[in-house]
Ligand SMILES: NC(=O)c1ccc[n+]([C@@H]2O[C@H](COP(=O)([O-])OP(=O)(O)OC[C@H]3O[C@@H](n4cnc5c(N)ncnc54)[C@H](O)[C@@H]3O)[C@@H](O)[C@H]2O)c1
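Just the one chain here, the form predicted on its own, laid out as structure tokens.
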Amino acid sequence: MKFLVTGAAGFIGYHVSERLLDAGHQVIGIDNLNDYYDVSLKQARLERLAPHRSFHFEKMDIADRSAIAALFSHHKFARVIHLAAQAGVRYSIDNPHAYADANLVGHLNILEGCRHSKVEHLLYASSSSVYGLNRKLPFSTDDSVDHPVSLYAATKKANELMSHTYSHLYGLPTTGLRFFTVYGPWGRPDMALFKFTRAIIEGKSIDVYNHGQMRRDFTYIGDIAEAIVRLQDVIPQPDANWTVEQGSPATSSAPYRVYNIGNSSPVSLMEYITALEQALGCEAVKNMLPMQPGDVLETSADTQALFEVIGYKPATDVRQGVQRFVDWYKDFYRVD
């Protein structure tokens, strides 16, 4: 099949594109290659995809309405995996308009393209951040997600609402993917594991927020990509018996579905750092700091619904995943 993967030069987009290509599919990848983080890392990911004859890349901004419309009119995509977005919780506090452009306008442009091209299935990136002030653990897709604590989270909740509207109005099958703290080889430099690794290797201190008193459902990138590739074959169907009063918020009378993709095994931040110290063979100098705006204390994914439809759930142990990241980092940056 022919897939469109948005954000193909990004962390998750690169891994998903590689899986699809290895499975024999054709992938058209787009990315605006912005400088939110090191562009050379994005280009290095693309260089690994380029040898595949079934891969074609176009530099494109999803917020560019006419360019996205032309892309959809030129290609007949069977399915779309929409992973392009402005990421980062803390960055959204200082740069809110970047999130409106990429995550709201961009998402609308992709929905419009899918609608007019009659795409079979749109899968799109949401986030565990949508759970916001929720305290009941693990986070379930049956829970309400009406109290985000960052603009980033609010835009991801908006993406789910926009997608439901298109599923309802136009019968477009949409699946939202709530990712939980993704990490692993080819990861983003703005994320904790990457920043910690670089700092420790350079002999610098690491910033540990809330004095390390946080827990995260760290989820390995290989598990994320596997779940996405399996889910693209699970096309949502309307449920005629569903009602707002009695149905789950993750389902609908429209062809709409939302899933958690997480490891379901929360790990303390200090345990995560210990795994990194062991992988690097040295101890970090820790700069203990207070809680940051937009952060939450703990995340944990209920992935039963995911397992029921694809027979798979993420399970990579954090020590194993961190070691794989460190091995990649040392190789990529030529660290002895």
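Here the structure is a predicted model, which is why all the values come from computation and not from measurement. Numbers for residues come from their place in the sequence shown, where the first is 1.
Unshown form predicted in complex with the named molecule; subsequent notes refer to it.
- Taken together, Ala153, Ala158 and Val258 are entirely out of contact with the named molecule in the predicted bound form: none brings a heavy atom within 4.5 Å.
- From the list 121 to 129, 165 to 173, 140 to 148, 199 to 207, the contact stretch for the named molecule in the predicted bound form under a 4.5 Å heavy atom rule is 121 to 129.
- Met60 belongs to the set of residues with a heavy atom inside 4.5 Å of the named molecule in the predicted bound form.
- Using a 4.5 Å cutoff between non-hydrogen atoms, Leu83 counts as a contact of the named molecule in the predicted bound form.
- In the predicted bound form, the named molecule lies farther than 4.5 Å from every heavy atom of Phe194.
- The named molecule is not drawn, but in the predicted bound form it has a heavy atom within 4.5 Å of Gly13.
- Of the listed positions (Asn109, Thr181, Gln232, Ser92), a single one reaches within 4.5 angstroms of the named molecule by any non-hydrogen atom in the predicted bound form, namely Thr181.
- The contact with the named molecule in the predicted bound form, taken as any heavy atom within 4.5 Å, belongs to Asn34 out of Gln278, Asn34, Ser268, Gln26.
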